[in-house]
Every structure is written in structure tokens, then in C-alpha cells.
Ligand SMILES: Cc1cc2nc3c(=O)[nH]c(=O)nc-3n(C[C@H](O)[C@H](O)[C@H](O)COP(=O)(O)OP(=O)(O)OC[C@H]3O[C@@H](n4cnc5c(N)ncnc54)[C@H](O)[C@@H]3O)c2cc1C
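In C-alpha cells, the next block holds one chain alone, the form predicted on its own.
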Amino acid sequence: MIKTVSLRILPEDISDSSAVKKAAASALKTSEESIDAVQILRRSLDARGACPVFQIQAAVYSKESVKPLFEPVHYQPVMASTKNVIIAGSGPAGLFAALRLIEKGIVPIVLERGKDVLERRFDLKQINRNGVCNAESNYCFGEGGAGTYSDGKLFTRSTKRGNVKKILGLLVQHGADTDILVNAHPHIGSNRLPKIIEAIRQTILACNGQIHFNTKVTDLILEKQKIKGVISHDKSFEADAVILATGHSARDIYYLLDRHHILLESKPFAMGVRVEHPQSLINSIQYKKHARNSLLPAASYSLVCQAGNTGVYSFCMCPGGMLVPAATAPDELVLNGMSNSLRNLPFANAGIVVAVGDPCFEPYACFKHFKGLKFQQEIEKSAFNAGGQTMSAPAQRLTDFLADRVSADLPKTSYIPGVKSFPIAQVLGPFISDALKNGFHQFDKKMKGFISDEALVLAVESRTSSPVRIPRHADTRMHPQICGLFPAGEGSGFAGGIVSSALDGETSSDAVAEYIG
């Protein structure tokens, strides 16, 4: 017999199986001896009360074998003579699309403009230490995509897009900790995710899939209104269909589609700053008197409010993490955050962003579907110039940003390229700056102490999602104009994160399989 029960467990007892069993027995009004096992299905931390407590959902087993948390997928090699599909991009959408094609008996040909996941590290070191941006290999481009070296958070609300449990199970199958299957806010960490990406690559190759690194798509092979393949430099790849999973920063792909008069759409996105606090301060706000309890994880937050007619919210919060330069061009500055699996660094950072759309894009209206992209690009160039035309970031103390004064000095930061005191409002303009100020004051009411002289505001957080959408039919998932072209993931404008992109890659492969029969 299996019964599901909800329990509240103190932090000091969450790892004690006997304490959890005792709580389950009490909840079910039965004896501990009648319980063979208690399996935690879901776990979240509730820190709203005087004492933080874990809320768990558990399966209680009596005279029955414990069921596995996930069912592994047993991949079989695909015959080389079968149909094949090109996948442009090896981020989560591309990799999970490839795995799904193998399940369907179709050969995936993955083309990645950047380097493999380990070689990327040399270019990340270059941009961090020397401010040198490799336009093809950076925090956004390369095997694994943008999430590989910028945190690896797996939280998603996209349960209607597909089987989230399967995606998490596949990550565990390839080396992730089983904790991601039960944690309400699963996180792998930028130190562990590269090995998992390598393992996924080995699965694809072992099943006769192909992966080509340093292979940037430079043109499309089109015949009337049908895609027949792609061109990379002087080499062509032909296939029965193409999945375009190039990510939210591959601007050249949008321009390539535009040159072929392929339909694109401008879309709203969000832009703002990264805010960095001492982790100890966030702990004290969230955990109150329990801030130094070593049994509690580094505290996080999720904030949202309405500032006039626009939304302001926290994005990609990284407890115990650091800030990184995520630019994809040498004359632009983009910031992101990351955390390793232990989340034990002394700083906490998050994007605090403002929803932007047509009012902000109006000066760029002549660029039509590229108006949001042009707006994004101009802000990134402004941040680069404000930082001294290096990867140094313009920054202000949060209190100085709110008071419209230049910071006389700046607190310590995790951002390796360094910071330069500069009035952030001059980078962002009045619309975003005013909304951020409004939002910060509202956030301080929810988290008293959030506005602090120790908090640092850095510009610019601009790659929350794509400013361009590649349209597709809701049912066939194919581009409405080009047969055989399947836009997928964040770069298509239909996903926003590792899990949602992976789901989008899977369902795109299902649509491809139906298309090619």
C-alpha cells in the first residue's frame, strides 16, 4: 500500500530518515513499525514564519516495493541510412531535440557555432580576466548553451508544454543529482552541468547522431518555400528538416532569415540591472534569527510588483553566486549571474528587470521587427562605453542610484572584470530607471533591508529573453512560410529557460517526426 502525505519538517530533521518516518506515522495515525519506507516526492522551504520549515510531499510505503523517482530512457542506435534532421544549436532545446529524434529513429545532425563545453572555459577565462570577448565562444555560445556556465537553474512553470519530470529524469540519467527531482527549485550548478552536457553528447554520438563544433550556420538551402539544408562557411549539410535552436543571442540568424524574406516578429522582453548584496544580508532578511543556521541553504528571493503601467521583477536570482560578463560582441556589455552547486560564495545577485515594449522601441520603429533588438543593442553599447570600453561594469550603490548621485566609492563585488562608478540612469534612460526605483521601494517593503548601502547596482541585464520571435504554427510547430523549418527554444521566442527550452526541443522533434513521416 502507498499513501501520499504532506509533512512539515524542521531543517535539523530533513536529512534524518527516522525523524521523517516518525512524522509520517504521526500524520497517518499509524505506527512507525507499519511503515517500510518514506520517499520524498517534493520539498520546498517555507521561511515566512518565525521558524523556517521544510514542506514535503512524501509517498509512504507499507508492504510494497519503493517505486523509482523516474524511468530512464534506453536509447538505441539509429540506422545511418534513415532520415536525418539538422539541429542548429546545442543548448537545451537542441540537445533534447536530438535525444528525442533518436527515440523516434531519426538521425540528428547538431551544428554548434561554438566550442565543446570544456574548451569554452578558456574563452570564459579570457573575457573575465582580460576583457576579450570571443564572438563565437562565450557565456551564451557553445555546447550546452547560455545556462551551462550561468547557473543551471531548472525551475519552470511550463508544465503544459510537456513532461517536465522526464526532462529532469534525463538530466539525472546523465549525471545530475537525484535531488533535482524533488526540490521545488532544482539547481545543478555551473560546476556540475558541464559533465552532464558531455554525457548527453556521448549518448547522441553513441546512437549514430552527429555533432559538429565550430560550425556556424551562415546560409540556408532553400528550394521554393521549402528548406533543404544549411550552409556553414564552405560546407553544406542537407536534411529532411531543420530545427532552429540557436538561442536568444544569435542575432546573425535573425538577419539571415530576414535576408531570405522569412517572416519575423518583434516581441517585448525585459531589461534592467543586476543587484548584488552580501549573502549574509539576504540570509538575515529571509531567515531572521535563524540566518546563521548552517542547516539552511543560502537564502534566495523572488520579487514582483507593478510600477505604473509596467511590471518590475527579479530574474535569475543566484544565492551564494557571482556576476559574469555575458556579452557576445566586443563592443557590448551584458551581465548575468551564476552559482555553483554549493552556493557558498559570499554574495547574492539577481536581475531586477522592467518589461519593455513598443513605447521604448518607438525611436527604432523604422527597423520594424528588429526595433526591440536595436533598442537592446544600443543599451548594451551604452553600458560598454560607460564602463570605460572594457568589460568593466558601470555601477552605483543602490542608495545612490535611488538618490540620483554618483557613488564616491563602491563596495566589494564578485564581478571579476571590475566596476566603475557611473550614474546607471544615463545608461538605461528614464523609463527603465524610474520603474526600477519604484520597484526597489516596493521590494524593500516586502524585504525590509533590501535597500542597503551595501547593495550594488550594475548595468546591464538585457538578455532575459529574445527581442525577436520566429513565428510558427501552433499545431505543426513549423514556420508558416517555410516548409521543414522548425523554430525552437529561447531564440525562437517561445521558451525562457533550460527546462522550457528542453521541452520545446522535445515537442519540436515530435512535430518534425510527424512532418517527415
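Quick note: we count residues from 1 along the sequence shown, nothing fancier. Predicted, not measured: the structure shown is a model, and the values here were computed from it.
We do not show the form predicted together with the named molecule, though everything after this point is about it.
- Residues G89, G144 and G247 are all found to lie within 4.5 Å of the named molecule in the predicted complex, as judged by heavy atom distances.
- Per the 4.5 Å heavy atom criterion, the named molecule in the predicted complex is contacted by stretch 110-118, the sole one of 202-210, 110-118, 391-399, 265-273.
- L503 falls outside the set of residues with a heavy atom inside 4.5 Å of the named molecule in the predicted complex.
- Among heavy atoms of G337, some come within 4.5 Å of the named molecule in the predicted complex.
- Within this chain, Q376 is remote from the site of the named molecule in the predicted complex, having no heavy atom within 4.5 Å.
- The closest non-hydrogen atom of G496 lies within 4.5 Å of the named molecule in the predicted complex.
- In summary, among the residues L436, A176, A98, V324, the only one with a non-hydrogen atom within 4.5 Å of the named molecule in the predicted complex is V324.
- This chain is drawn without the named molecule; in the predicted complex, the residue among K83, K104, K371, K153 with a heavy atom within 4.5 Å of it is K153.
- Taking a 4.5 Å heavy atom cutoff to the named molecule in the predicted complex, the contacting residues in 476-491 are G489, E490, G491.
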